[in-house]
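Presented as structure tokens, the chain that follows is alone, the form predicted on its own.
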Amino acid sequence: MKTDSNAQISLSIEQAFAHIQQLAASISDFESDIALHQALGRVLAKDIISPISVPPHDNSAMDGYAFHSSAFSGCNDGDGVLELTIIGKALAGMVWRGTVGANECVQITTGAVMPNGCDTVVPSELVAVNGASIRFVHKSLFAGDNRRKAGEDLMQGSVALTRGSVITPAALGLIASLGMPAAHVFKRLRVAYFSTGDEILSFGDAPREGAIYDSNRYTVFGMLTKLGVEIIDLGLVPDSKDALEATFYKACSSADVVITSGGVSVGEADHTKAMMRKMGDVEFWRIAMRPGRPMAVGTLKRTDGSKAVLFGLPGNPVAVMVTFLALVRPALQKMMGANAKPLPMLQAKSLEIIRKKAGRTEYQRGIVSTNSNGELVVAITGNQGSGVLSSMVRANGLIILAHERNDVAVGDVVNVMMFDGAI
């Protein structure tokens, strides 16, 4: 999509998403080995093939007594009471040597290797011990109960984790269970970001009429941190040609992606737009969405001829977060090499009337809960202005009202994109 440098294209959210995803594919992959203690949140650069079976042997799922289920058929007691002779004890980490015969059992602890001749475990709390024998009612037990089979988690040679998987706490444990101390991961995506505007204050600046403190750097920082990228914070840049030029050059020379907030709307100081045009191939969009209509997307040229991807976000705090979640976050996941998973989408009944005109996609801040009937319901957080940042704190998701949709009535079902830790 090419545009005249002074033109602004009006796009649907779907068109904007598709174009950004296409742009995101241009980032190259870099790989490194990393110890597991440093691997949380990183992205696997190749499949992990299990070198062993997990578990490596049949073992007991609980403390009890191991025996062979053929003993069930030999029970002539009308009440279904089975009596077995204890011939040994199997402990976790120590293999009990021997073979268990008919009407015999071995006391066993959780995780211990199942003795030869055993396929079932009766839990300790179900038995009565009488010297060297146990008695229990067997009618509630079935052959194979309370036995973990070798390889029931993973078989040797199978794919344990696929390339592109983000390493979660559970994945860390899985990799460790295979005896692997390190993982092959993609290098962290480097993202530089800064805020622009003479009306923005930094900490320590004296308050002045018409000025506000910079919140965007901190919301962007938080969302980038959640993604696990390498963050380069370039601070707050005034609407000065020289300052913007120096910051843009520093950003694109040190990062794969550059994110800015402010300076892309009609009527704003033109220094930011002019610098974007000067340094690269950048398009300025009007997206049919609310909040977050203005956005700049493209590439910035480095001195060596390579390029960094640029996302110029709007200046209003909520618009920054919504455009990041809807458009930028999925692109960054793709650039990171991750198998991007969209944020969870729920359907809930609206508790109130929501005004909406067809012709744009709207993202309303919502609070999802469960009513007395067990149904998911959602209410908006009140004032939906793009500067009401407190509403993003109160909300647990975004109500997505599609481009063609009109007003929402009480009881109508709406889609809600849950934050799920993304913010």
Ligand code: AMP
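The structure displayed is predicted, hence computed values, not measured ones. Residue numbers run from 1 along the displayed sequence.
Quick note: we don't show the form predicted in complex with the named molecule, though the next part is all about it.
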For this session: Please run the contact check for residue 199 against the named molecule in the model of the complex: heavy atoms, 4.5 angstroms, yes or no?
Result: yes
For this session: Decide whether residue 337 counts as a contact residue for the named molecule in the model of the complex under a heavy atom distance cut-off of 4.5 Å.
Result: no
Exercise. Do residue 239 and the named molecule come within 4.5 Å of each other in the model of the complex, heavy atoms counted?
Worked result: no
Exercise. Does residue 247 reach the named molecule in the model of the complex, with heavy atoms at most 4.5 Å apart?
Worked result: no
Problem set entry | in the model of the complex, segment of 309 to 317, 94 to 102, 153 to 161, 116 to 124 with a heavy atom within 4.5 Å of the named molecule | 309 to 317
Seminar exercise, completed: Students should find that, of 212, 351, 172, 180, the residue having a non-hydrogen atom no more than 4.5 angstroms from the named molecule in the model of the complex is 212
